[in-house]
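Shown next as structure tokens: one chain only, the form predicted alone.
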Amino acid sequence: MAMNGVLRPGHAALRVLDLEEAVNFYGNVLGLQETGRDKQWRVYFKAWDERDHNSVVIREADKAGIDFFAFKVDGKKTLEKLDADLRAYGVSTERIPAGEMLETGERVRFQVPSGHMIELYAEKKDVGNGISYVNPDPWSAASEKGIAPTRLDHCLLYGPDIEKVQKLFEEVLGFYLVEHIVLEDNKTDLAIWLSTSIKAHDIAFVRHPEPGKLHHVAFLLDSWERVLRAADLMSMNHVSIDIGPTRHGVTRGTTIYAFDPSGNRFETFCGGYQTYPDHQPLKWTMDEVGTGIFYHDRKLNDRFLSVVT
């Protein structure tokens, strides 16, 4: 049982410019496992240690970016309750029938004030991770293909009205604020990190004038050594690296950021800390925002702030 019924991030649906180029990248460079293709020409992937059928879905489009980001809830009863709670809060919801996405149950889709589409769902087929459920080995051969993250971990989204987004996530979905960056007025947030678990964040938002923008999707690795290995593999495959390997002040993760062939930014990281809803949120001020984002350099990379899809 989750602390609030929302278990974890479930899937990110991304737009890419060239489908087969993206399939090669996500499958062979990032090292995700392809789990299916559907009649809508969408391709499905999962990280090696994920048990559900998919966590990343890509489709070809004229513009890169994100279609929606989803969270898995702990059962149909919770899904029905949260749908009703959203509508009572004044949020319009759409029911997406089971099977519209491969091996995925009914979804509840809604738009948050930043312009992003968020989904909730309760059911997705367990396809396992290649390790037995009885007397399991610690890893499988798939864990060595490409960068090979263990899971989809979180995403960072850019858009307006993030204070309204925070209120919705806290009051309806049960998330809580872990860290935030405040602007010079010491009142208005530039960025917020929200959690539905004991992770430092499951989703984050940055204030931005354009709605519905993607900054990055993030994938978890097991160690700093795996982050360095990811950097090597990116260089070997001529992947465009944004910044890193380095460390964040915010969330304390060790990280590298890069771009897929369509220009969608992704993160491979490890570390961070555990947190709980009764912890006081950590605050960063604008005079130390460089340290907060990139702890080693103590300054911001302009591209990191301005390039979104």
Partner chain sequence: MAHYTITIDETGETYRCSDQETLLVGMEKLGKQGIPVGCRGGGCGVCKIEVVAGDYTKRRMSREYVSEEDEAAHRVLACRVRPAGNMVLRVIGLMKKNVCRQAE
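All figures in this text were calculated on a predicted structure; none of them were measured in a lab. Numbering follows the first chain given and starts at 1.
Separately, the form predicted in complex with the partner chain exists; it is not shown, and the next lines address it.
- Distance criterion of 4.5 Å from any heavy atom to the partner chain in the predicted bound form singles out 63 from the list 252, 279, 283, 63.
- Between 258-266, 28-36, 44-52, 66-74, the stretch whose residues reach within 4.5 angstroms of the partner chain in the predicted bound form through a non-hydrogen atom is 258-266.
- Residue 17 belongs to the set of residues with a heavy atom inside 4.5 Å of the partner chain in the predicted bound form.
- Using a 4.5 angstroms limit between non-hydrogen atoms, residue 226 is distant from the partner chain in the predicted bound form.
- Proximity of residue 274 to the partner chain in the predicted bound form: non-hydrogen atoms within 4.5 Å are absent; the residue sits far from the partner.
- Among residues of the shown chain, residue 297 is not one whose heavy atoms approach the partner chain to within 4.5 Å in the predicted bound form.
- Contacts of stretch 236-260 with the partner chain in the predicted bound form, defined by any heavy atom lying within 4.5 Å, are made by 240, 241, 259, listed in sequence order.
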